[in-house]
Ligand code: ADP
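First, one chain by itself in structure tokens, the form predicted alone.
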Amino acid sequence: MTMNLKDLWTGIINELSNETERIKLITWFKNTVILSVENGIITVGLPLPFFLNWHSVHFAKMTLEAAKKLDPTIRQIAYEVDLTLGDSDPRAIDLAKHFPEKNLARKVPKKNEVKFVGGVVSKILNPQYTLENFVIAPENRLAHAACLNVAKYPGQNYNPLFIYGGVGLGKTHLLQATGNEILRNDPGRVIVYITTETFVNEVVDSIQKRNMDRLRNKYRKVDTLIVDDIQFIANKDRTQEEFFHTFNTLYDGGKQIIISSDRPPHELTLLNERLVSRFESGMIVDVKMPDYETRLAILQERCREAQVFISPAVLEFIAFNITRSVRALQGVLKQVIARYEWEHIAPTVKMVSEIIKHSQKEVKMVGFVEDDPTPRGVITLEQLIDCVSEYYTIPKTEVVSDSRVRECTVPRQIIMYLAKTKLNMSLARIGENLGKRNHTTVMHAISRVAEKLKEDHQLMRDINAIKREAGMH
């Protein structure tokens, strides 16, 4: 090899930048290094245990291909977790500086501009809703398939398409995603997405201003009309009359109509029978609350979209306990991500249980004891060691031994740091309980953690999470 290991790693990451977003590179390759290249095997060092699965699944293949371009002798990739890796390691690359924000800034998606007849422009379709990122389950598979068909053949096979289901189960996602897909297939189409409340308000406004023709021109000359929550048109006779004629005009002209409701047509007893009959003439599909596995898949998909890592145990806890609606499921996840980003605290099951307790009061949580009589505060070094060992999933016997295995180094240093700063223990006693180390070693470990906390945000999140889990305030 002609390149040193750092130069090789820099070259590999440069190759990866051609097909990987800047934020993903900085998130998942921060403080990673090449440990060795021997016998055709490149060994990559990862700073944290949870990086291992993510790299193995998402980056291993492309990393190996990039490495082969720079060194044809490389034929295999291996990963090794090294908890001592950090910003101060001379082998690590400062990715934030290497890929300046101004060169690879993320583009914020804009809402699709939908032109109405008469030049009116709406930006109501959210491009984040797509049929690709809708997580399919047995409970919504038919609805998703119908939307795909409508997007490909608008106004032909399933017209009208009537989607019903409870609150927060993904109806709006499907409606907007179908509109986005139709526009992607044919950008020239005129598509209108409205809520029923908006339509009612516009009817009332048009009556007051004696200008019904403008309303009719707006909605009866479009290619696709998408109406959300049609049940709210109940008991509004004039609005139902206007919608009935709008429906007929579009249907007779071969234009696509997509409608959502919280109930199937035959249960909309307060609607005009003529409207119910029109709704029942098309394709009727329902969406239900997905099962546990699908709820977990939804959470994982949203984490990938947000480019954050949340512990599998935390996601499983959310998926198991939030069973009322997908909206509630994603709402809890948004709060977890916000706490992670704002407070620099790695999410734990205990933290999430508190979020659910306050935001989803009707949920009776399973998998976490809310009224645990055990005192929350850690009062002994033994309890602190248990807490850190559990957090890093490392046997307690390894942490307290005189082992110098790298996976134990950082957890042990964190124990020393918290034992001194939070439990006010003497250096001698700390060292005695952690592999019979002398006070100089303990003092050095505490200083190292304190110094790394100034720049290492992941370490800060880990320590904050441990303190929270241990009841240290």
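Keep in mind it's a predicted model, so treat the numbers as computed, not measured. So that there is no doubt, residue numbering starts at 1 and follows the sequence shown.
What comes next is about the form predicted together with the named molecule, which is not displayed.
For the marked spot (N140, V167 and V326), a heavy atom within 4.5 Å of the named molecule in the predicted complex is present in each of the three residues.
With a 4.5 Å cutoff on heavy atoms, T195 does not count as touching the named molecule in the predicted complex; it lies far away.
In the predicted complex, at least one heavy atom of F134 sits within 4.5 Å of a heavy atom of the named molecule.
The shortest heavy atom separation between Q330 and the named molecule in the predicted complex is within 4.5 Å.
The named molecule in the predicted complex is not approached by V400, whose heavy atoms all lie more than 4.5 angstroms from it.
The stretch that touches the named molecule in the predicted complex, counting heavy atoms within 4.5 Å, is 170-178, out of 170-178, 81-89, 278-286, 245-253.
Only one of K350, K236, R302, K218 comes within 4.5 Å of the named molecule in the predicted complex through a heavy atom, and that residue is R302. Between the options I394, L268, V314, I298, the residue in contact with the named molecule in the predicted complex by a heavy atom within 4.5 angstroms is I298.
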